[in-house]
Every structure is written in structure tokens, then in C-alpha cells.
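In C-alpha cells, the next block holds one chain alone, the form predicted alone.
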Amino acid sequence: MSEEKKTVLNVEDLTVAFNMYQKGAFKKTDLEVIHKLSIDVKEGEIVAVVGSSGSGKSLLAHSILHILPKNAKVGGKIEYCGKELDDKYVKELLGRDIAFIPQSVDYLDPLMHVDKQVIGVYGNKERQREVFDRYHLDERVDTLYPFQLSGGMARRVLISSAVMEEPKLIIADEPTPGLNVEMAMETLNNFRELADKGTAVLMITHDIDLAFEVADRIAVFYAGTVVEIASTLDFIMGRGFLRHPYSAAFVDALPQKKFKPIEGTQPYAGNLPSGCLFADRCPYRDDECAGEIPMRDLRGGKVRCVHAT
């Protein structure tokens, strides 16, 4: 029997609310946008996070790294290698043990040459050049400022900064937009190489087909929570191997399925239904769906649905 892999990142019952004025109100209230979200990533594993825009994927990354706005209220538990990942601990780890690839290239310092940004505190010139070469950034790029880069070049600089070391955890928030298919696949293969050496990778992505090539598990987000976590093979095999009706609908909406739609829209955080957040769009809904629905183990995966079998 193979030894069970160590859990690097563990998120349990995460909630995120923003204290803000609602439309037509004169008093601030808490708008909860993440609801009892649980996910984990083990060493040597890539977990791809997928779901429609506004489902909370980037908020998960920002919660882990403690970079939410000041009006955010966070509950639940976030652990790194079994230790609570508080604000002080994140600052100790970020840039070495934890690497972050943000969605926006605006994270690059506009006043600093990109080679110095990638070298940072722990790197060196030789390694920076090696990584830039891998991502087809020639020596003239070293002394450019971010505004002088194309979108694809800026994206490759951000990725380079994350793989300078061999971190224990990479959190990648949409790492491939702006890259052609070949470069996007090379980037994900680089993640796979790091994972095979023990790195845990949490990858938020809209490039589902590319994620199928490298991810071990896929977590499906809907309306601020995880509704299913399953092996990538289950998703490749198709809807009959999945557990949640939204996961099946999500697969049916992929290009190779000719974008088959379902009726309705994802609910707004300020007007959520009781019980299952997908119930209003689900063909299997009944009175049982209005109650508390915890995440549960099923057929080697996890699902938040009372009717899943």
C-alpha cells in the first residue's frame, strides 16, 4: 500500500463576507460571498479550480494569501502543512515556500526592471536567466519595465517569478490568458514537473481542456462554494462519472459538447436560496434540497448534493 501524501494546503468551512452598503440602504451589512468552502491540496498534486465567473475562485486565492480588502470578514480554517496560515505566517512563506501567480499583470512593479522583480530576495541572476530562457524571454527583456511588455510577455514574467525556487505550494490564479496554446501547455507542463517533485499546485483556470492534461483533481465552484471535487479522469469520462448535476452541466457546456446550455443564472450573493444553491436550476430538486447540505465523500470524490449517487 502506497504511503498517503501529506496535505500541504487545507481549507475548511471558509466563509468570506464584505461589510458594505447595500443598494438603497443607509447602513452597512455583511454580504457573504464565500460559504462553507472546503478544499485541500496534497504534495505532488495539482488541483484545478473551475467554475463560472463570479463563483468565488479568485476570492479563495486571496483569502489564502491574506490579500483581501480591509472590509472583508473571514471565517473557517486555512492551514499550511498542518499549521494555521495567519497573516504573519503567510508573509514568512510567500516568495519562497509559497509562490503566487496573480490573475492581473498589474501586480508587477511599474518602476522596476523585470529581471530584478523576478530575482527578488532569494533568487540569483543565473537562475533568472535560466527561467526566462525557458519561457522564451531573451536577454533584452531583462532591463525592460512592465509597460514595455506585451500582455503575453508580462504573463510569462509573472510565471517566471513563481518558479524561480522550487516552492512547496503554488497558487496560480488564471496563469495562461494571453499565452498561445503551446506556451500555455508548456507552462502547465512546468507545473506538472514541479508537482512530480513534490510541489502542491492550486490552479484556478478557465482553460479546462488544458487542465485535463495535467491536473490530478478538479474542484467545481458554484455561487461561492465547492459543489464537487473529483479526479480528472471522472471529468474526461463524462457526465455519467460525475456526482453533482452542475458538474454534469458544466461538462456539457464545453466547446466539444457544442456549448449545451442550461436555463437560469448563478444566484447573487445577496439573494441566495436556502439549502442547495443550485436547486433553482436543478431537474432533481425536491423539499430535501432546502435543508443543510454538507460536503460528503462519494465514489472516491466529494460532493455537496443530497441526491448524488
Partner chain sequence: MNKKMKNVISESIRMALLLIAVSIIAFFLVINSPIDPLTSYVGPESTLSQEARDEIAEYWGLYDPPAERFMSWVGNIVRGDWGDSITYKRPVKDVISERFSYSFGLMACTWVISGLLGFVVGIISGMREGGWFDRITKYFCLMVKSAPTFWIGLLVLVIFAVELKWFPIGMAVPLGKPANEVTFWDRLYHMALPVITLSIISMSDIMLYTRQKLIEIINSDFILYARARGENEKQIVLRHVIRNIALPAITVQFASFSELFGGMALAENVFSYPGIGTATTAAAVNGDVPLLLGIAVCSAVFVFAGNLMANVLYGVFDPRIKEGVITYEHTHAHSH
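For clarity, a rigid core is taken as the largest C-alpha set superposing within 1.5 Å between two forms. These figures come from a predicted structure and were not determined experimentally. Residue numbers count along the first chain shown, from 1.
Below, we refer to the form predicted in complex with the partner chain, which is not included among the displayed structures.
Contact annotation: Phe212 falls outside 4.5 Å of the partner chain in the predicted bound form, judged by heavy atom distances.
Although the partner is absent here, Val141 sits close enough that one of its heavy atoms falls within 4.5 Å of the partner chain in the predicted bound form. Mapping the unseen interface onto this chain, Leu272 falls outside it, with no heavy atom inside 4.5 Å of the partner chain in the predicted bound form. None of the heavy atoms of Thr232 is located within 4.5 Å of the partner chain in the predicted bound form.
Among Ser161, Thr205, Thr225, Asn190, the residue placing a heavy atom within 4.5 Å of the partner chain in the predicted bound form is Ser161. Proximity to the partner chain in the predicted bound form, defined as a heavy atom within 4.5 Å, singles out one entry of Leu194, Leu108, Ala72, Val131, which is Leu108. Annotation: in the predicted bound form, residues Tyr122, Phe147 and Ser150 each come within 4.5 Å of the partner chain through at least one heavy atom. The chain is drawn here without the partner chain; in the predicted bound form, the stretch among 89-97, 182-190, 75-83, 212-220 whose residues come within 4.5 Å of it by any heavy atom is 89-97. Once you line up the core between this form and the one not shown, the Cα of Pro110 ends up 2 Å or more from where it was.
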